[in-house]
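To begin, one chain is listed below as structure tokens, in the form predicted alone.
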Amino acid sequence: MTLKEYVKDRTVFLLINFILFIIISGIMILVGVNIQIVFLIFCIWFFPLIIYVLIEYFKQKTFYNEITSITENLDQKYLLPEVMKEPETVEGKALYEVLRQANKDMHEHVKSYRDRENEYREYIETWIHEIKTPIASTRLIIENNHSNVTRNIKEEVKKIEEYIEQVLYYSRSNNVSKDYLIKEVSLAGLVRSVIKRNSRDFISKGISIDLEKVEGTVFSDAKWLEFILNQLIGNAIKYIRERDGKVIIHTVQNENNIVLTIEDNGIGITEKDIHRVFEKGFTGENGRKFGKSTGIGLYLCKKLADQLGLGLTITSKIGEGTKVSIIFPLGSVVFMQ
């Protein structure tokens, strides 16, 4: 707030004073009052008035500078009414009270939406738990009735399980810290486990696997890592070439990190899509072409990787393949966000 802005805001007040003074001065001059007395009255009238305006300006400027400074240094701006001092001026107190009421109302709304979110998440988790029973029964029926039909049903059941797993992790993605267990994870064991889960797809599509060099251990949550890796390998399988499909998985240990890379020789991602693949719901040209993409898998991988303190990068060339890397930092403790 500048002095010019402050004076402009009080133009009416000052103008009224000047008009009154001009009227009174005109009357005094008409009745023969000495001009020096009129000037004396001007000084007596306007000197205290100007001093008052300047004092009020500096008081308000100090107040607004203080709350601006506090706001700039706050990570969560809505906490301003909680940390600012109650002002002494009437206008400041009114503003302070309005901010407190607005903050209180915002907290109530946030709590309401948070309760709804928790309720919805609990329902989803309960539903997932319940749906596992009929799925397990279906698998048992399939195992006892081998045929081409049941084999096809088994494949569809596997897809249903993967979508259910995706829903479960999505519902928990904002509360990873509640389901987080740090322990030593062997990357070779992790990769083998995910390859085993997808072995039928590798065999049915004739995709060769090259585990050139997968080694090293990291400290993280094995369950979340397996989900991320399964999503990435699932994408490699989905967008692989119809012939001579190949997936290469390897690790590189650097001074500060271990990089696990999943590389395929699939259809690749166009340059205009590659920078948006981690966006929620983005399916891109490949998604429209194949019609099976939801735009959630890579978004979820990126979100979980960020919360686990991991890097996730992707490079691709159309017609040549895609390379996705998970970067595990070494020598630092990662806290959940």
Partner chain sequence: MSKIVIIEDTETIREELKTFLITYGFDAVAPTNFENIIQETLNEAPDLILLDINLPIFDGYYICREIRKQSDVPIIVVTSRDNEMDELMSMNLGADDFVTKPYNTQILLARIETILRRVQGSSMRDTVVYNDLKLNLSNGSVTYKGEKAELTKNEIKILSCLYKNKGKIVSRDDLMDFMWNADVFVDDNNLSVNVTRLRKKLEALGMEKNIETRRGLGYILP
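Numbering follows the first chain given and starts at 1. For clarity, every value in this text was computed on a predicted model and none was experimentally measured.
Not pictured, yet referred to below: the form predicted in complex with the partner chain.
- Taken together, the three residues R151, I195 and R200 all come within 4.5 Å of the partner chain in the predicted complex, as judged by their closest heavy atom.
- From the list 164-172, 256-264, 98-106, 79-87, the contact stretch for the partner chain in the predicted complex under a 4.5 Å heavy atom rule is 164-172.
- Checked against the partner chain in the predicted complex, the residues E242, E122, E143, E91 give one hit for a heavy atom within 4.5 Å, which is E143.
- A heavy atom within 4.5 Å of the partner chain in the predicted complex is found for one listed residue only; from R139, K213, K246, K205, this is R139.
- Although the partner is absent here, K159 sits far enough away that none of its heavy atoms falls within 4.5 Å of the partner chain in the predicted complex.
- Although the partner is absent here, V110 sits far enough away that none of its heavy atoms falls within 4.5 Å of the partner chain in the predicted complex.
- In the predicted complex, the partner chain sits within 4.5 Å of a heavy atom of T133.
- The partner chain is not shown here, but in the predicted complex it comes within 4.5 Å of a heavy atom of H129.
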